[in-house]
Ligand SMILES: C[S@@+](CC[C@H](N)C(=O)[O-])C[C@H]1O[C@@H](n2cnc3c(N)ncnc32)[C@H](O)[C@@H]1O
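Just the one chain here, the form predicted on its own, laid out as structure tokens.
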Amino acid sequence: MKQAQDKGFRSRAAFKLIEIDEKARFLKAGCRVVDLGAAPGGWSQVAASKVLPGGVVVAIDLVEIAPISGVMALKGDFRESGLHAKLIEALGSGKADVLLSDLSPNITGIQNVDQARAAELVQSAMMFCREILKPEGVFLVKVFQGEAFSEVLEGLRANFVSVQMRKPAASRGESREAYFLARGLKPV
């Protein structure tokens, strides 16, 4: 966390997104980005630094997000219809180019329960792509390796043209988290 604070980031997670984007180059000037599970805002900070000026970053979380320069923060559950209208308005005309999802359930410590909840969030975020992401868009999503991992991967492959796994060096070695970078929504 100290390194993140020294660089002006709100969380270590910023380094994960920086590393993934350095290789995949999907955050570009002018892009519209939606960041799910954004608090405290590390990913939103990185996205804003890459897409502004000219782009849009909308951060969504269940908890309040302290203001970030160039980022519109929405408090609420992305799965609720009331938030959709606010999101559409925030994006302006058109859909998102990039959907970031660093969502994580409240951890219980019961591995099977935690993995099932995390997989459910990934499925919800994947369905959200259908509503908010451009057909040629990019979806970066955190997943946890375990029982539901192959099911999540199958779902992503069924919905996207290209799916690649990323395990950034910024992730702790013992962590079961990984990221899938999916591109190109397949038609329904």
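Numbers follow the displayed sequence, beginning with 1. Please read these numbers as outputs of a predicted model, since none were measured by experiment.
Separately, the form predicted in complex with this ligand exists; it is not shown, and the next lines address it.
Heavy atoms of Ser104 reach within 4.5 Å of this ligand in the predicted bound form, making it an interface residue. For Ala47, no non-hydrogen atom is located within 4.5 Å of this ligand in the predicted bound form, even though that partner is not displayed.
At the 4.5 Å threshold, heavy atoms of Ser11 reach this ligand in the predicted bound form.
Contact between Ala38 and this ligand in the predicted bound form is found at the 4.5 Å heavy atom cutoff. Residues with any non-hydrogen atom within 4.5 angstroms of this ligand in the predicted bound form fall in just one of 54 to 62, 25 to 33, 148 to 156, 132 to 140: 54 to 62. For the candidate spot formed by Gly94, Met127 and Gly184, no residue has a non-hydrogen atom within 4.5 angstroms of this ligand in the predicted bound form. Residues of 68 to 97 lying near this ligand in the predicted bound form, listed in sequence order, are Gly76, Asp77, Phe78, Arg79, the criterion being any heavy atom within 4.5 Å.
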